[in-house]
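Here's a solo chain for you in structure tokens, the form predicted alone.
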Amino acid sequence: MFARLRSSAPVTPVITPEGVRVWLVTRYEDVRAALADPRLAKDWVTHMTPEDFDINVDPVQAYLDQHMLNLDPPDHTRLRRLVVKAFTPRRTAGLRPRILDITAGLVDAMADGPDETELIEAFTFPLSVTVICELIGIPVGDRESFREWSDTLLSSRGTREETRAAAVAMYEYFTHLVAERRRSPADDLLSALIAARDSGDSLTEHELLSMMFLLLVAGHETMLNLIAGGVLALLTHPAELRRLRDDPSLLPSAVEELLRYANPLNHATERFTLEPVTIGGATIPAKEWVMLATSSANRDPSRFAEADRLDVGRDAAGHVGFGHGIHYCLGAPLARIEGEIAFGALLSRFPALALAVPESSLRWRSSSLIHGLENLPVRLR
């Protein structure tokens, strides 16, 4: 479908499952340029009215959604500056020993278990959520609640009541956690952000809570889907799987290629026009939603030769799996390290790793944003 759109209608209006019209952008050149275009705004709470949505937006979800990913400068610049130090390459490199420990524990447990396992339950979810929870300072024991709330909020099929209940539960959880951490600070990102808030460093209570929501959901969802989708891509391309297993030095390039090829996100988070904007020859009116299909851009043959072919040795530089521009993913350095460790551990520990069911039987999550598997049964031996 994306190939047809890139060829015949690269910028075209479509209707979402909620009944909202958005302009879908599919070519690499247009997507990359639009990701950095200041005429496409993010702060919908400030600039859009209920009439602009054509749907009723739940106020609790809107409260949590007003984080830096949905803000424009100068607010976005101010908030990003407060957390960027936690995600620098040097800081995330310091997390490598702990990620190795977590990974080793999960792999050992699988090795001691049955010959077949559900990889998302046994490995990808616990790894991704444990790493981000420890970084932020969130009790890992609550991870199943996070998973349920996140699944509901990102689903395209949930009812308004279900979405609101998940948003309220997450809001109440973070409110209690912030109060507890104020009483007992720790060496984690949450305590650092609370200190910034309480010292008057331009961080409101609202911004603190919505920041926690963003970091937790974005931090584990993208990694979960990268690892699961990446493993599936490798298992369905046995020659590339053997190539990577035989030459682990390809792991860094393989992670970039799997980000490009498997696409943990279908599209970037939504933007909207404040004025008429021309993209790819199409003029989008003011107050219209724009959806940038990064998954299509990453498969655009005008940018990547044989774009639909998996090549773990490919130079995939320039892919938009992490976005582009001022909203480029803060967690990219952490994702790269985590991906290299996860894929390396699975391939080295389980030489016979294979799908345990036909690929056609796998279920994909019902989400416009998330490109993720619901299940991944694998055979370990």
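Sequential numbering from 1, following the sequence displayed. Quick caveat: nothing in here was measured; it's all calculated off a predicted structure.
Keep in mind that the form predicted in complex with protoporphyrin IX containing FE is missing from the display, and what follows is about it.
- Partner proximity in the predicted complex, defined as non-hydrogen atoms within 4.5 angstroms of protoporphyrin IX containing FE, places exactly one of 245-253, 300-308, 217-225, 202-210 at the interface: 217-225.
- Checked against protoporphyrin IX containing FE in the predicted complex, the residues 64, 341, 40, 68 give one hit for a heavy atom within 4.5 Å, which is 68.
- Put simply, of 312, 316, 34, 335 only one has a heavy atom within 4.5 Å of protoporphyrin IX containing FE in the predicted complex, and it is 335.
- Residue 326 belongs to the set of residues with a heavy atom inside 4.5 Å of protoporphyrin IX containing FE in the predicted complex.
- For residue 322, a non-hydrogen atom is located within 4.5 Å of protoporphyrin IX containing FE in the predicted complex, even though that partner is not displayed.
- Shown alone here, residue 87 lies within 4.5 Å of protoporphyrin IX containing FE in the predicted complex, counting heavy atoms only.
- Although the partner is absent here, residue 293 sits far enough away that none of its heavy atoms falls within 4.5 Å of protoporphyrin IX containing FE in the predicted complex.
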